[in-house]
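Presented as structure tokens, the chain that follows is alone, the form predicted on its own.
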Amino acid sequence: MKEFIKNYSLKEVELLFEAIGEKSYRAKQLFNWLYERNVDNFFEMTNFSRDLRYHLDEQYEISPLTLVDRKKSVVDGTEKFLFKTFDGHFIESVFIRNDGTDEGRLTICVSSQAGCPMGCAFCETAKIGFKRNLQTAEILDQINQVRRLTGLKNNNVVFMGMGEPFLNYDNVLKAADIMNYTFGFHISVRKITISTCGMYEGIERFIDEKRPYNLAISLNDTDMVKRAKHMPVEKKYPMEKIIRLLENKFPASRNRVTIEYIMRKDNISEEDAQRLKTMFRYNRIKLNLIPLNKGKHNLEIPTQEEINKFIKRLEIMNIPISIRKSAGSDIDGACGQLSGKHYSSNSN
């Protein structure tokens, strides 16, 4: 089986070219073809010699993903894409034309794993179980494919699709770096967000390595007993420990940490609001409130009136608060709804 060329960093591609007697600057040309021009075969790379194009085609593959299904929301234009990996797994990506906060924002929500091992009660991906980590090429190709299919270039990426990104740390951060390369997708570091359900070692490594990307942490409960019930990660990595890590190590020069909070009927009480106000003494955070979406869970969805009351209680907090629009909920493309639907009948 051929290697996927998108698994290689710019430096690694430079070494590949040097090994076959080509100049290292060819690597930047290759990256321009792959990510800026978004070609899907080596023979379109017209500034390469015929022999070089044949060599690349013999040794490498460009696209590891195949489109299986595509759905578009009639409500907000959000699109969901079901892809099949080269070894028969299914992943989903979502294209959001705006999220209610920035009219010019075009976001692709990418997956980092096929399935997920974390077992969060409100998440459809958890019901699949864990299949495997995605390769760097599979993460990047989601953007290539969505751009090609929509004819639009996204300016924002969130690692909030299927899987726990920090359980696939190396491939995820390598993909983020290539997204940011001038000769890659050239997306600003401030427009790339990596979300975690609370993997302590991954968060600490992310901070220690001074990674420039936005960090989002899923909280979803202020009662830690209740959080452990809905998010088993709490038992291994208590949120209190993560909060102390942020207080002690997260640099003041960085962007704020986003705390994500999925609002259920049973976690938006006056007591929950009060605990949220006192939980984060570390003040470089912003709170992202997300209404619970429909799914196969048995959790109760709050009414808009109940959500409004909760938000009003939080308004006196001295931190930014945003409410994430549930884009794509009518096509099961919103937060917690991605399931790689073929697993329901073709589980392996």
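Note that the coordinates shown come from a computational prediction; the quantities given were computed from them, not determined experimentally. Residue positions are given as counts along the sequence shown, with the first one as 1.
As for the form predicted together with S-adenosyl-L-homocysteine (SAH), it is not shown, yet the points below apply to it.
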Okay, which stretch from 188 to 196, 248 to 256, 207 to 215, 90 to 98 lines S-adenosyl-L-homocysteine (SAH) in the predicted bound form, with non-hydrogen atoms inside 4.5 Å?
188 to 196
Heavy atom within 4.5 Å of S-adenosyl-L-homocysteine (SAH) in the predicted bound form, from candidates Glu79, Glu260, Asp177, Asp272, belongs to Glu260
Of Ile290, Ile62, Leu65, Ile285, which residue is found within 4.5 angstroms of S-adenosyl-L-homocysteine (SAH) in the predicted bound form when only non-hydrogen atoms are counted?
Ile290
Looking at the partner-bound form in the predicted bound form, is Phe159 within 4.5 Å of S-adenosyl-L-homocysteine (SAH) by any heavy atom?
yes
My question is simply whether Tyr169 lines the interface with S-adenosyl-L-homocysteine (SAH) in the predicted bound form - judged by any non-hydrogen atom within 4.5 Å.
no
In the predicted bound form, is there a heavy atom of S-adenosyl-L-homocysteine (SAH) that lies within 4.5 Å of any heavy atom of Ile128, even though the partner is absent here?
no
Can you tell me whether Cys123 touches S-adenosyl-L-homocysteine (SAH)? I mean in the predicted bound form, with a 4.5 angstroms heavy atom cut-off.
yes
Do heavy atoms from each of Lys72, Arg105 and Asp141 fall within 4.5 Å of S-adenosyl-L-homocysteine (SAH) in the predicted bound form?
no
Are there residues in 133 to 157 with a heavy atom within 4.5 Å of S-adenosyl-L-homocysteine (SAH) in the predicted bound form, and which are they, in order?
none
